[in-house]
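One chain comes next, on its own, written as structure tokens: the form predicted alone.
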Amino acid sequence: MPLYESVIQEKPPIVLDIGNAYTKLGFAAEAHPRKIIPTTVVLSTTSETKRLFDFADTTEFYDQIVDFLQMIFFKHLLVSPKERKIVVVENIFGQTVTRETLARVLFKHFDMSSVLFVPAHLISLSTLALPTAVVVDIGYSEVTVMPVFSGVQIMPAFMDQSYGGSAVHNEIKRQLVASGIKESLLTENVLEDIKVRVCFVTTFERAQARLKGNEPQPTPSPSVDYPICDYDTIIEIPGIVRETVYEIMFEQSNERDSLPHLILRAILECSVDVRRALLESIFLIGGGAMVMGLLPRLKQELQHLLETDAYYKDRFHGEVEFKFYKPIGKENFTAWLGGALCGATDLIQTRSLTKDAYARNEHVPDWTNLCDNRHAGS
């Protein structure tokens, strides 16, 4: 009997990727999520809508997760979670309270049979059947860089910075308010829509010309009119705003914390013998990686640093060519797709935390916990 028939012939496992801004949900062995929904919850007690990860204590967080998963199971997926398996895609450095509370809700409240937590960076590579790459996740709250070699995440080389989608929203808001637009018009939804519809990453040459103050300055991109239906008004998005809001990812500073620097520093934290393989295997995931112009600009920035920065010239030798992998789906659900592939294999049987195992001590094994990783008899 084929493996997939033996594993998912009755109830395919549910696959969740709960991000800070959006949650991807669906079933194992499917090519794309059933739905992508905002990570917000309508509280059953007050009917208030709030972000899932805005909570004061674990009790409040528990209630919010219950309401959120209730909506996912019974409104969007239309399945009963009882005695069903689930795959949860998570950040390897995510908060312990998140996974502990989530596991308690899944086992205690929804009576699910097992849960499998998979790291987002590593499982994303399974979509391309790759063992080695530098995985760059450009999310809503942060940008994370994780080198992976031969299927092993190199934890000491992990890098992160806070210029994700939220920082881009703040930059759009700052520039538009400075141009005379009322701040009350710029809600979070409006800012995100402006970012997606009209903003882009400018070319390396235009960015360098503005940075050096060369004369004449590049001609700004055309301005566009953006209608805000809720207020029945139209605002003008200047061309300079459209092409400069993403410059926060490439800003030069003494901290050397721009996106190109993060990638190069993460590679330098790895052993010398794996660096060339990582340089030639860069994989961008996350919703922020879908912006127009990011890939060619990032490649040029990396090449420019290698040629002009003495720190990197002394540490990278020979001819270096940066190579980027193209995802088989969209970047914003690549991690979910990896989880869906994982849920269609025998890993869902062998590596999951079962309900009975959780009931013994009500604890989720964690790689950061020495007791969870201690060999028997030691």
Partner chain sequence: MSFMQPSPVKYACSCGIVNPINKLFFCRHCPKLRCGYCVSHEVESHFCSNCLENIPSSEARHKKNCCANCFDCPCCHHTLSARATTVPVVRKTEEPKDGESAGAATPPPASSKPSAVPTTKKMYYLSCLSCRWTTRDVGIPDQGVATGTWPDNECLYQARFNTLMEYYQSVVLQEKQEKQEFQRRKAPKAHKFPSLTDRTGLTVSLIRRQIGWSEKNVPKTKPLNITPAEAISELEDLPQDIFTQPINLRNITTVAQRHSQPADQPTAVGNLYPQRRSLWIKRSLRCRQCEHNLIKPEYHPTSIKYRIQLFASYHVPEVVMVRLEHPLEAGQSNAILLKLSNPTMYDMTISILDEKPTEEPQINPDEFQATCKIKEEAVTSSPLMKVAALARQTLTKEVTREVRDVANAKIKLLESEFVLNQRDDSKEFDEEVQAQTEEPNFIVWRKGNKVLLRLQFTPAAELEVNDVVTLGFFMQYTYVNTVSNTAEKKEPTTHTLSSRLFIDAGRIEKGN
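Note that the coordinates shown come from a computational prediction; the quantities given were computed from them, not determined experimentally. Positions refer to the first chain, counted from 1.
There is another form of the same protein, the form predicted in complex with the partner chain; it is not shown, and what comes next is about it.
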For the chain seen here without its partner, which of 260 to 268, 176 to 184, 91 to 99, 237 to 245 has a heavy atom within 4.5 Å of the partner chain in the predicted complex?
237 to 245
Using a 4.5 Å heavy atom cut-off, which residue among 42, 353, 320, 347 comes into contact with the partner chain in the predicted complex?
347
Go through 274, 306, 224, 211 and name the one with a heavy atom inside 4.5 Å of the partner chain in the predicted complex.
224
Is it the case that residue 33, even though its partner is missing from this view, gets within 4.5 Å of the partner chain in the predicted complex, heavy atoms only?
yes
Tell me, yes or no, whether residue 107 is in contact with the partner chain in the predicted complex, where a contact means a heavy atom of each within 4.5 Å.
yes
Any of the heavy atoms of residue 200 lying within 4.5 Å of the partner chain in the predicted complex?
yes
Does the partner chain get within 4.5 angstroms of any non-hydrogen atom of residue 79 in the predicted complex?
yes
May I ask whether 66, 220 and 324 each come within 4.5 Å of the partner chain in the predicted complex, counting any non-hydrogen atom?
yes
Given a 4.5 Å distance limit between heavy atoms, list every residue of 162 to 194 close to the partner chain in the predicted complex, or none if there are none.
192, 193
